[in-house]
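As structure tokens, one chain now follows by itself in the form predicted alone.
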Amino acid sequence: MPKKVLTVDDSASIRQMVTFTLKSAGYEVVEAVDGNGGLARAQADNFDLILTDQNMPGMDGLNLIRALRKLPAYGTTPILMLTTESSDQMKSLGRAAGATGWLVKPFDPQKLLDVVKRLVG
């Protein structure tokens, strides 16, 4: 059974790149266009990994991570930030919110695959 990944990003092109990259490697991918949609999808299904952007309308990535970490099903699920934000301060806020890791856009598809494989197999 393939591992299921939720990707949350308001950029259609980023969602397409992530989905293409992960599906090509055998992962099942579900997309959400913002944090509110991502939270709703996560509550409706179970995911092995969540990828989220930081800067999105409505609920941003940090608030999404905080909301997910409050849910029993996502207390230990790997959550990666995939964002243009690269400051140490933002990374620190991400860790405090419960992010497992941080990837900066534009991302290298092979690096994304390496990180996902390391986290969920």
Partner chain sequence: MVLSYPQRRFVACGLCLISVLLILSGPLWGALVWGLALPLAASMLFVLHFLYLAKEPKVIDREGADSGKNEAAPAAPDCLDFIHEQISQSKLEVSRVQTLIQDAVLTLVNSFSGLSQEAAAQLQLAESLAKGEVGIDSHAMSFSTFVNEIASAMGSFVEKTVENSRLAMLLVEQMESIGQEMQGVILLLDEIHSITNQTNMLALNASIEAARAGEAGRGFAVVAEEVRHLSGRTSSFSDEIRNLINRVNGSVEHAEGLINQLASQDMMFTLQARQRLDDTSSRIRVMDDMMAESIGRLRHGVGLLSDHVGDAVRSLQFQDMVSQLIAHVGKRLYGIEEMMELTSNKQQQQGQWEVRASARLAELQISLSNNPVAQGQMQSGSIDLF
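Everything numeric here is computed off the predicted structure, so don't read it as measured data. Residue numbers count along the first chain shown, from 1.
Just so it is clear, the following notes concern the form predicted in complex with the partner chain, a form of the same protein that is not shown.
Visitor: Hey, with the partner chain in the model of the complex, do 13, 55 and 108 all fall inside the 4.5 Å heavy atom range?
Guide: Yes: 13, 55 and 108 each sit within 4.5 Å of the partner chain in the model of the complex.
Visitor: May I ask you to check whether residue 85 falls inside a 4.5 Å heavy atom distance of the partner chain in the model of the complex?
Guide: Residue-level check for residue 85: yes, a contact with the partner chain.
Visitor: Give a yes or no for residue 117: in the model of the complex, does one of its heavy atoms lie within 4.5 Å of a heavy atom belonging to the partner chain?
Guide: Answer no; every heavy atom of residue 117 is more than 4.5 Å from the partner chain in the model of the complex.
Visitor: Should residue 95 be counted as a contact of the partner chain in the model of the complex, where contact means heavy atoms within 4.5 Å?
Guide: Within the cut-off, so yes.
Visitor: Can residue 22 be called a contact residue for the partner chain in the model of the complex at 4.5 Å between heavy atoms?
Guide: Residue-level check for residue 22: no, no contact with the partner chain.
Visitor: Going through 79-105, which residues have a heavy atom within 4.5 Å of the partner chain in the model of the complex? Please give them in sequence order.
Guide: Result: 80, 84, 85, 86, 91, 94, 95, 99, 100, 101, 102, 103, 104, 105.
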